[in-house]
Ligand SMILES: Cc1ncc(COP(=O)(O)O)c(C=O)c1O
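This document starts with one chain, in the form predicted on its own, laid out as structure tokens.
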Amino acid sequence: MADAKKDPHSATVGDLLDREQQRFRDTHPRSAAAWEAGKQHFLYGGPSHWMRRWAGGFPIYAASARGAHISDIDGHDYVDFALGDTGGMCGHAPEAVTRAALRQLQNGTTMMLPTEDSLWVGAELTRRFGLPYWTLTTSATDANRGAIRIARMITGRDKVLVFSGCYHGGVEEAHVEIRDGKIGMRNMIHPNGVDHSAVSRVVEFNDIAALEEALSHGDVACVLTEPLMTNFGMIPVAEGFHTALREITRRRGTVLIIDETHTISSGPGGYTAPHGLEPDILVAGKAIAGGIPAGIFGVSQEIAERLWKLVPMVNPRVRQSAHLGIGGTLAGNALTVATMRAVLEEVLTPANFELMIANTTRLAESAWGIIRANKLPWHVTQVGARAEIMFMPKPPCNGAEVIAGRRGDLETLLHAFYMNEGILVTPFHTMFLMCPATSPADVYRHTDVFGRFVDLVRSAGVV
């Protein structure tokens, strides 16, 4: 890093961020005013507290969105690589989903009754992911909660094992990480009185020995994991780890839950199908219904039979059937099922995944070219239709390496610069996601902006 005392033209990352945030305020007056108005009625400024996290200092207020682009109320156009942090992976307002939603809106949205569309959806989920029995929920968080509850029911155990740095929605058991050798709350989540040591175990990702030891106590109902970690910076899976994970969980009688909420971007069958993974329970959500709130979980034949022994199928002679302790009146509603069918049948198709992955490869390769040309200690990781630029020399192996090497200041600066230049990435990490409508021109626009960001930080002497 250049010495600011020696170079009168140098600046700190903080200086550059101040400039970008001022530029954002100057060019987004209507969004700034709307944000101030929102603070009068929303607990954290917007309808969701996540919305306060954008690096400009306040979020843009969206006016419309179509395909891979968003327009804001200040008249700016953005190439959207955030895509609702995966919820919009189908693209904004895809015709097939809009058509299905309008049709179902005219025929009733929620009746707590199945529709014929559900028969097609169930069969397609089995075909894609390989698990025979499915349940629909209102979010991936709810799907994970349901999977955890089932695992506890059939094993009689109380603890859930997760990997440090993980994210599985609002699941309390996953709000932990290892930092400075101690287990605590992850990602600045505030304690809420829950004794996490009583409900969770946490080890580093890719650490087979630690996994073996943690499961040796016989009190872990399930391991909850992504196929590779995506929410702490992308952490690739080490060779042989999935084989060991599956062998150890089976030997220890622990249910293996694989959360594909992000990694469904790997292909039509997510990451699980092409890599031959064998989860006991598979979870997904976000994009699965084209942006309509939804989640899914599927269970193996063995898990289903163990559950049915505890909670048999409904006896029509008994008014109050046994309750699984999961679900909700809106779960599996007709609107969700109709849009889910449209997504699986017409949007997240093999042909569209080919397009999405090809554009991701273009983006990753062009970013790599800029990084190498400038001899920067950064890297790019790509998995299917998802890629991430990280300000570290090589991909991390676990959460500890992310904590030790991550440049959060540069990430924030990059995000603010991107917003000013018409590029959106998810504000929590520098991950890029493609939708079927993403074009090569959108990717080239990113290449230009990323190149100018590198010029900015190099000329300022911060890298």
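Quick note: we count residues from 1 along the sequence shown, nothing fancier. Bear in mind the structure is a predicted one, so any value in this text is a computation, not a measurement.
Below, we turn to the form predicted together with the named molecule, even though it does not appear here.
Residue contact with the named molecule in the predicted complex: Ile150 places no heavy atom within 4.5 Å of it. Although the partner is absent from this view, Trp378 stays clear of the named molecule in the predicted complex, with no non-hydrogen atom inside 4.5 angstroms.
Among heavy atoms of Glu226, some come within 4.5 Å of the named molecule in the predicted complex. The closest heavy atom approach of Ser265 to the named molecule in the predicted complex falls outside 4.5 Å.
Though the named molecule is absent from this view, in the predicted complex it lies within 4.5 Å of a heavy atom of just one residue from Glu345, Asp207, Asp219, Asp85, which is Asp85. A heavy atom within 4.5 Å of the named molecule in the predicted complex is found for exactly one of Phe391, Phe129, Tyr167, Tyr78: Tyr167. The candidate spot formed by Ile154, Asp280 and Arg306 is out of contact with the named molecule in the predicted complex: none of the three has a heavy atom within 4.5 Å. Remark: of stretches 239 to 247, 118 to 126, 105 to 113, 132 to 140, the one touching the named molecule in the predicted complex is 132 to 140 (heavy atom within 4.5 Å).
Residues of 259 to 294 that come within 4.5 Å of the named molecule in the predicted complex, judged by any heavy atom, are Asp259, Thr261, His262, Lys286 in sequence order.
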